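This document starts with one chain, in the form predicted alone, laid out as structure tokens.
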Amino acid sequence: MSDYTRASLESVFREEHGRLLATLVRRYGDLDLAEEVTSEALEAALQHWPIDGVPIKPGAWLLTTARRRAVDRLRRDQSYAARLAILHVEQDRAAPVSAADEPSEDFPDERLQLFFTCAHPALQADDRLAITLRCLAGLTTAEVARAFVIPQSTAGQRISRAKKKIRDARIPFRVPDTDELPQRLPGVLQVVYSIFTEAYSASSGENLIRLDLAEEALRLGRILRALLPNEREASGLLALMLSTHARHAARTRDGMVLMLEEQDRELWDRDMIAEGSTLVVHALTGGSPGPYGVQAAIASLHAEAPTAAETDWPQIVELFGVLATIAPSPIVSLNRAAAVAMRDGPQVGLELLELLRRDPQLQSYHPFHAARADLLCRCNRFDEAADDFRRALALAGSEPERRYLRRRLMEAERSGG
């Protein structure tokens, strides 16, 4: 099989995996069985499609194959079949049969149920991330391990723990009712955004950005937006990720992270920025804005500025003020202080940072010390700045960030002489 054919099949598989898994989970109510027959169907496709060609409806072919494998499995294992029969009876009692419950050749998209199942608040945060990547992004256990720089055994334990919790707690595979959605949707959005933030600013390792993981988060965000087109925060999350990811090609040079004012804006992806800006309008139109919509608006203002000097800092400060009201946190306060410094001068920003210095959450947050060091440099207080750069350097995880902080530390030490 040629590399091109294999890449094409992998692209189809990645697109269809979550959809196929969701349909089978809904049909059989058992995540392990659904995963097993999904894998078998994909393996069968890998054997047949390079010879017979990709079918006109690859998803329907995969679903038919997976269902046949499931029937074979249930015939072989009567005790498994009996357990599933009980599950079906319980599901039927819980929810009346409707037309939507019947098998359909139209291959219904039921991934939204998986989003809410994988992001259920009863699961631990790390387990939610692992099982989302496994089930919705179609990553193998080894790929999940690489994504979070953890041993494969740890990734396997997180996935197994999540499945056990879903099974033992009888967490339902369903989309919450309309009245439950406002409480449950933020958890779903948070899972996808957590995957993106880990990809966008790696907590350790040689690379600042994990491109494949960021693209998976974007793909999940697009699916979520398509499934929930009227939810403004789903638009806001996708807009935030697009406006941020559009700058990824310019974020490092020679293995060193670059600040916004140092980046070559010619490398920014203008189509992605335009798409993000359009979504921001939807996220902020009608009713009070949500935190993702506001963050997306800030990211969009940065991305749309022709030059660093032309950044609309007054509006960014205002938006951070809104964000501090609806989603207050020390990190939001830190970012607002940095924006105020750009609008009103470094001394004003330093005074705001001084109010945050004793916050426990910021003590181990290296961007706080780096931001304070930068403002101290701008005030010509180089010896104090060097101390803060050393604190930031001791806490930074990825090598590109450490190279940047070493450079700034050397500059501060030379200037402080």
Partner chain sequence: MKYMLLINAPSAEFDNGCSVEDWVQFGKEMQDAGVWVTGHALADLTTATTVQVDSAGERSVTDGPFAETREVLGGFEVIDVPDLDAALDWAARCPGSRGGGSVVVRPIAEF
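Numbering follows the first chain given and starts at 1. The structure displayed is predicted, hence computed values, not measured ones.
Absent from the display: the form predicted in complex with its partner chain. The rest refers to it.
Interface membership of residue 172, defined by any non-hydrogen atom within 4.5 Å of its partner chain in the predicted complex, is confirmed. Residue contact with its partner chain in the predicted complex: residue 184 places a heavy atom within 4.5 Å of it. Within 4.5 Å of some heavy atom of its partner chain in the predicted complex lies at least one heavy atom of residue 168. Of the heavy atoms in residue 308, none are within 4.5 Å of its partner chain in the predicted complex.
Residues placing heavy atoms within 4.5 Å of its partner chain in the predicted complex fall in a single listed stretch, namely 117 to 125, out of 329 to 337, 309 to 317, 117 to 125, 192 to 200.
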